[in-house]
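Only one chain comes next, encoded as structure tokens, the form predicted on its own.
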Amino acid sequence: MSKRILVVGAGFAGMWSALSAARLIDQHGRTDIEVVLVAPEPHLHVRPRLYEENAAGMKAPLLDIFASTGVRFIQGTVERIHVERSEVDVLGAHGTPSSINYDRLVLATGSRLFRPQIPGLAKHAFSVDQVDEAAALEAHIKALATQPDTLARNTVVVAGGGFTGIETAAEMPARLRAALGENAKVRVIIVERDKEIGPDLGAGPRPVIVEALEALGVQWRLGAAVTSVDADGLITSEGERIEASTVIWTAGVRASALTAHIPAERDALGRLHVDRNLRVLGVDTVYATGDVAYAATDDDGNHAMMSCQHAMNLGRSAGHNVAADLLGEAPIPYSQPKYVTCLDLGPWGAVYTEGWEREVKMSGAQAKELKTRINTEWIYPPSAERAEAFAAADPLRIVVA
């Protein structure tokens, strides 16, 4: 009787899970185990690049890759997971409901931007979290030129001074001038509730970040939170009113709501606790990977970040191990002890760090060249050539040397 591995999600973790599982099954010459991936569309959304221009085009097609590697794609959205009967409810692309059973499930539905109940936030703030949202922001910025020349029109406020907020803010002066004219008096302000810029990035790269943002003309308000947003700006917890036609919310993400359908422990961000093989603790038939997994990267107490860097390797590991489970093979525990960051700082350059202490190894134009390679080459899917795709899906492949 054939068995089914069901992967939910076609992001970095989901795509690599499906390819890695198919790879191991192919190596064993088995035809009685199928890999099925269900997602709203057969594209990888290149989410790490959505702070850039041309956001609507930040998609990579996957159907040819899946066809060449034997992964069956089902277009639809999983609305409910029934662990007790190993089944999911799916709403198809045309609104038709159905159910899919599985022998093993890989949950790889990623994360979404967290939007707290701040008055006016949902209605008036933009984001760079999803392709359609980033495209809406881009269209809005281009349309600013049709508005009267005011301080509000010329101002962008980025709420959140973390990784995404900094990358977004660093792009904004040039994007505003491209829309409004080189001589426009543009203003870009980061509002960050912490008392330091880039609080999660640590002290290592901070001097470089400050130097770059100052050179770009980006301002910031530290120790302040956004308390309300309207069509013409926002108010901070310090009582300051900032006039701005464009407010971009970047402050925090949460794991997919589907994690709540798994009867298991979750962390504060909604991620499922998993063992080193990425099996959900206490649920033998379910694996979690990418942004929905609270996974140890090493034996030193470090855990995977909600990042593309970790999602890619988490996906390869989850796919391999879920297939190994059905094949009766020994798993390969997930391990990613080396941690790096490469933060884009717009026209100024970038900053590259290594280690969990984020020691700066490269900055400026040299780091920008590396960031460009990461964003345009390294994070994209492999070719649809079967051997190449399977080679890239090896869980022991070293992505960051």
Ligand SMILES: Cc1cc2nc3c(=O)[nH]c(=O)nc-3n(C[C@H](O)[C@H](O)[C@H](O)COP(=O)(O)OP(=O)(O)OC[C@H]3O[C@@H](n4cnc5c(N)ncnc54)[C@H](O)[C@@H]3O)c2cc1C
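Note that residue numbering follows the sequence shown and begins at 1. These figures come from a predicted structure and were not determined experimentally.
Not pictured, yet referred to below: the form predicted in complex with the named molecule.
Which among 240-248, 169-177, 207-215, 124-132 is in contact with the named molecule in the predicted bound form, heavy atoms within 4.5 angstroms?
-> Answer to the contact question: 124-132.
Select from the listed residues Pro40, Pro61, Gly355, Pro333 the one whose heavy atoms reach within 4.5 Å of the named molecule in the predicted bound form.
-> Flagged contact: Pro40.
Asn277, Ser111, Thr297, Thr155: which sits within 4.5 Å of the named molecule in the predicted bound form by any heavy atom?
-> Of Asn277, Ser111, Thr297, Thr155, the residue with a heavy atom within 4.5 Å of the named molecule in the predicted bound form is Ser111.
Determine whether any heavy atom of Thr77 comes within 4.5 Å of a heavy atom of the named molecule in the predicted bound form, and answer yes or no.
-> Close contact exists here: in the predicted bound form, Thr77 approaches the named molecule to within 4.5 Å, heavy atoms only.
Answer yes if any heavy atom of Val106 is within 4.5 Å of a heavy atom of the named molecule in the predicted bound form; otherwise answer no.
-> It does not: once the named molecule is placed as it appears in the predicted bound form, Val106 has no heavy atom within 4.5 Å of it.
Can you check whether Arg47 is within 4.5 Å of the named molecule in the predicted bound form, heavy atom basis?
-> Arg47: yes, in contact with the named molecule in the predicted bound form.
Determine whether any heavy atom of Thr236 comes within 4.5 Å of a heavy atom of the named molecule in the predicted bound form, and answer yes or no.
-> Thr236: no, not in contact with the named molecule in the predicted bound form.
Quick one: which residues from 316-346 get a non-hydrogen atom within 4.5 Å of the named molecule in the predicted bound form?
-> The stretch touches the partner through Cys342 alone.
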